[in-house]
Structures are given as C-alpha cells and as structure tokens.
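The data below hold one chain only, encoded as structure tokens and taken in the form predicted on its own.
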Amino acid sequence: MTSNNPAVFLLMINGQIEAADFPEYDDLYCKYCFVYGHDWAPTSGLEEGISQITSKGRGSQSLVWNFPLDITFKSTNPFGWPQIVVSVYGPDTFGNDIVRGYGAVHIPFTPGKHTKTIPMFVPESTSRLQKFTSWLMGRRPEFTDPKVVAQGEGREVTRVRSQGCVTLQFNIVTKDMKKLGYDTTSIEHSPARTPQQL
C-alpha cells in the first residue's frame, strides 16, 4: 500500500572513494564515516568503513582505492544533510600508523552522478618542541573523533596544514522530496524559462 502523502523522504547514495593524491606518501588506507542531523536515520547500508592499503603504480602519483559506498537515509527535513568524513592513514618512518589527512564534504543535493574532490588537512603541533617530540615518539596530533571535521565548534583554534586530496564519486537518488515540497533540481539542468513564466 502506497501513500500519496509521505511522511519522510529518502536519500540513496552509492559510489566510491576513487583515489587520492598525496605526493609525499605511499601505502595509504582510508576510513570513512557519515555525519548527519538529528532528523536523519540510516535505513540500509554501512555508516562507516575502512579500505585496503594501496600503493602508487609505476609512473603514477595517484593512490587508487575504488572503495564502494552504499547507504540510504530517511528524513523529514533537509536540516543536517549528511556529510562524509574521510580520514587517510599510513606508516611513518618508524612504521607507526599516523594520520595523513582529514576531510569532509556534503553529499550532493541533486540527483545524478557527481564527482567531488576533498582537500585534506592534518592537525599540527603548536611548538617546535612538540613537533620534535611527537615525531620521535611516533604520536602525531590527531582528532580523537574524526567526525569533528564535519562540525564547526572548536575548530577555529585548531592549527592545521593542507596535505593532499581525495576524489569521491557519488550516484544520488532521492525519493518523495518533491511531494514534501523540496525542489532539488539543478539550475543547470532545469528547462529555460520564458519571461512570462518568471
């Protein structure tokens, strides 16, 4: 039995974490998680995951993961639209796994195929002594919860350094958004309007 007046809309996401560009590093893996508002709930799929370790190919600077993403959310309103947080890790000179980058991006609003590139960053120590000590001990600064990357509170005092980027590909499908009064059509894809329609 279908309802003409749905109470929720669905956002279906599939795609992949395609590749990364970290010129200085090799043998990296990534973790991902989704951050979303209180009115959102996952109905199927995985909220977080960890990829395989990948190495650069001969003559290539890219690290290719092609790690799949597949999740469906339901919600009653778009506030708290989901974001994906990606954390990249790899070995340091002593073989310790350390963070090589954090980044986040909102899931695209419009249905269709989208490619997003996330600039990555790492937290930095505030003094030279702390930098040397953390390098020596193999304990670089990192967030205890990577989800803080998708939030604004407390980040204004965090010292970070840009480092690398990650490319993601999304296929987005929405259901019942139009019935609830939300228009997600792109201006680029909407038909041209005549002056009388404006």
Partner chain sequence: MQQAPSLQLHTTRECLGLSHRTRTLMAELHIIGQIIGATGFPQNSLFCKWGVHTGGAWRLLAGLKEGQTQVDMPQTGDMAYWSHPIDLHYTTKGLQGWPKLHLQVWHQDSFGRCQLYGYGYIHVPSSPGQHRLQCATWRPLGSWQDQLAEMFVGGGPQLRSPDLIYSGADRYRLHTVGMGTVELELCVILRHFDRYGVES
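Positions refer to the first chain, counted from 1. Just so we're clear, the structure is a prediction, and the values are computed from it rather than from any experiment.
The same protein also exists as the form predicted together with the partner chain; that form is not shown, yet it is the one meant from here on.
No residue of the trio Val85, Lys113 and Phe170 has any heavy atom within 4.5 Å of the partner chain in the predicted complex. Interface residue among Ile50, Leu46, Ile53, Ala41 relative to the partner chain in the predicted complex, by the heavy atom within 4.5 Å criterion: Ala41. Contact annotation: Tyr89 falls outside 4.5 Å of the partner chain in the predicted complex, judged by heavy atom distances.
Although the partner is absent from this view, Tyr36 contacts the partner chain in the predicted complex, with a non-hydrogen atom inside 4.5 angstroms. When the partner chain is considered in the predicted complex, Thr72 lies well away from it, no heavy atom lying within 4.5 Å.
The closest heavy atom approach of Leu10 to the partner chain in the predicted complex falls outside 4.5 Å.
Along 50-84, these residues reach a heavy atom to within 4.5 Å of the partner chain in the predicted complex: Lys74, Thr76, Asn77, Pro78, Phe79, Gly80, Trp81, Gln83.
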